[in-house]
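This document contains two forms of one protein chain, each encoded as structure tokens and listed individually as structure 1 and structure 2.
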Structure 1
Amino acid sequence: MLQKATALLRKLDQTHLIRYMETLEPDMQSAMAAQIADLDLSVLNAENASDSRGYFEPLYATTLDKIAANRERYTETGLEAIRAGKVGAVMLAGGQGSRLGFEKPKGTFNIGLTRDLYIFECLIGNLLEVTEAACASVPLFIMTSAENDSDTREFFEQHNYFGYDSNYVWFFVQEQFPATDTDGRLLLAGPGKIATAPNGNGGWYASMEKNGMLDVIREHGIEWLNVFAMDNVLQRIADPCFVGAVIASGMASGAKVVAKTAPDEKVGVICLEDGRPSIVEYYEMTDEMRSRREPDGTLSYNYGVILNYLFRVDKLDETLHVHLPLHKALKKLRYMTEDGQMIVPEEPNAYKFETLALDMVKLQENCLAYEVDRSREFAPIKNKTGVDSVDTARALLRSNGVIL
């Protein structure tokens, strides 16, 4: 294994690590060689996702009014699918609470004021409303990171899964990609260990496959997966009306969206790109796209995504054979020099490679954009203060009757 590792490093022009490995004891050499064999080092030769985009067109949503008119029918269709065991949920929970000044798994952050109320607790409470209405459990897959996996599992056990049936909960660790310095050289995280970072929120299904979760999906006969961001405490999970609307539409996927508050709101907007569902980021939109309106005055590019998607499993299986575009992000990364010094940079110093969930949407034949009321379903906690912060989320929770 050691010979294969050194040959691969030489081929990738990472000879600085060969010299470093020669200084290690045999057992550490073997461990480092095993990590090299397990890592997807092909990312080092991959081009960054192209900045060029295709031809954009608006993708119109199933609006709140239309949903209200069909709510009973959609909801019953969704409940039938849940009762039949066809619907699972995937929580993207690999993040730490660093931006909140909280160096633990973000989901363990306590947003309560007069009582304990954790982010994870809010989400499980939302899911329990669905399982109680359906009289059936929804298989829940929780994607953690190498950094927070043990803490997340322990937290759920300590809190008895907040009343959810633990027999229907599976944890899996997100795949890691290697990180490099700005010259493309692999970095060390510590003695005998290459620095890595999570592979982005687009890698969730590939990470499920790597961790054996697809066997669980097949054993349970799950046909639909609702993947969602953990940091939105009003996130409705396995929402029967949403599930039913997507099934009734005959489409391969669905995306929950909110109407923009202003033409220049900084949010990714669902659209068509070369005739397929896609998402255009706010900074990619032209002035014409931002200001364009329909005859009724509605913005043509009006619906922002909230990272709550529903995918057909058979269509997800097809994506496993597709290499998602890699996005390079320049970040601050603590690392170790080859002579053993730990460096904590003050400025961004390393490239992390990420895949994005929006690129999973682009692989679908079609997508139902499903509008939700942002005051009832969109309370992200991304910052300590200001926009999308702990304070704004608390205010929205209160307005929805949640006691803090």
Structure 2
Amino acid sequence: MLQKATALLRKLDQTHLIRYMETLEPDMQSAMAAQIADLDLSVLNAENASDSRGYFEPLYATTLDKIAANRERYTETGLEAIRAGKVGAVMLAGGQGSRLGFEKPKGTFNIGLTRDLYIFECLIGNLLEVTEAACASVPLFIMTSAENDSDTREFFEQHNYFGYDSNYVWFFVQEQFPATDTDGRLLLAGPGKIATAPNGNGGWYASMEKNGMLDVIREHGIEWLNVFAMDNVLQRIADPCFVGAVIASGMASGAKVVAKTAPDEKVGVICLEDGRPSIVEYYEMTDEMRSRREPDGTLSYNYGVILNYLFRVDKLDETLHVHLPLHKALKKLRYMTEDGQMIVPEEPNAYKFETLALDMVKLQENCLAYEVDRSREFAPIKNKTGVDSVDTARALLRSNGVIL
């Protein structure tokens, strides 16, 4: 195994680790060789997602006024599906939250001021509003990562699942990819251990399969999965009106979107790419795309995604083994130098490789872009202060009547 690992490292131009391995005791050498055999090192040579984009065209959304006109009908359809047990929810909680710089899982962050109010608590509270209206539980799958899995589970246990029926909650752990420095050299996490990081939020369905969750889905007869980010404290989960609108549209998927605040807002926008629904990142848009307008004056590429999608399970099954494009993200990662010094970086220092949930939209035949009011449904917590921060989320929670 040792020889194989050395040969692979040489082939991948990672000779600094061969020299490092030579300094280790035999049992540590074997453990490191075993880790190398296990890791998906193909990511090191993979093409970056942005290098191969197709032809973009606008995709129009079902707007707030159209939804308001059909609210009752959509909501009833959604509630029926929830009561029939056809709707499950998947919380993406495997991220490292490095921008927030909070040591524990991000969902355990206390956003309250005069009382405790945790991010996870806000989300479960939002979901409880739906299960109470439907008089039925929504199976909830929570994706964690190797790093935060036990803390996340313990936290839910300690807080009695914030009143949610724990028989309807399942945890599963996502996979890891290796991480490199900015020159593409693999980093060490500690003695004899290559640094890895969660493989992005795009692997959630494949991880559900690996962890036996698809059996749960089949046993419960779940037909739709609402996948969402855990860092938006106003996230509406299994929203009956959204579920009903997607079902009524006959489409294979749905995406909650918000109207952009400005043509150059830094948000991924829903569009068509080579005729299929897709998301174009703000940095992939040309100036022409950013400023293009429809005859009524609205931006042609106007609707930003908020990481809240509804997918049909049978369609997800069809795309289960399709490789998603790989994105390289520059983030802060603690690592060990080859001479044993631990480094805690102040600035982003490492590339992590990720697949993204938004790329699953392109695997669907069609997607209903469903507009929501951002002041009521979009309060992401990414940073400590400034844009999309604890401060902005608190202000939005307050304006929605939440006591902090």
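Note that the rigid core is defined as the largest set of C-alphas that superpose within 1.5 Å between two forms. Not measured: the values here are computed from a predicted model. Residue indices: 1-based, along structure 1.
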**Request:** Quick one: identify the form predicted in complex with uridine 5'-triphosphate (UTP), either 1 or 2.
**Result:** 2
**Asked** Does the distance between the two CA positions of Gln96 reach 2 Å or more between the two structures, the core being superposed?
**Response** yes
**Rigid core superposition, Cys135 Cα moves 2 angstroms or more between the two structures** = no
**Message:** Superposing on the rigid core, is the Cα displacement of Glu365 between the two structures 2 Å or more?
**Reply:** no
**Message:** Using a rigid core fit, what is the CA shift at Ile194 between the two structures, in angstrom?
**Reply:** 4.0
**Request:** Using the rigid core as the frame, report the C-alpha movement of Thr6 between the two structures, one decimal, in Å.
**Result:** 8.0
**Prompt:** What is the magnitude, in angstrom, of the C-alpha shift at Ala329 between the two structures when the rigid core serves as the superposition reference?
**Reply:** 3.4
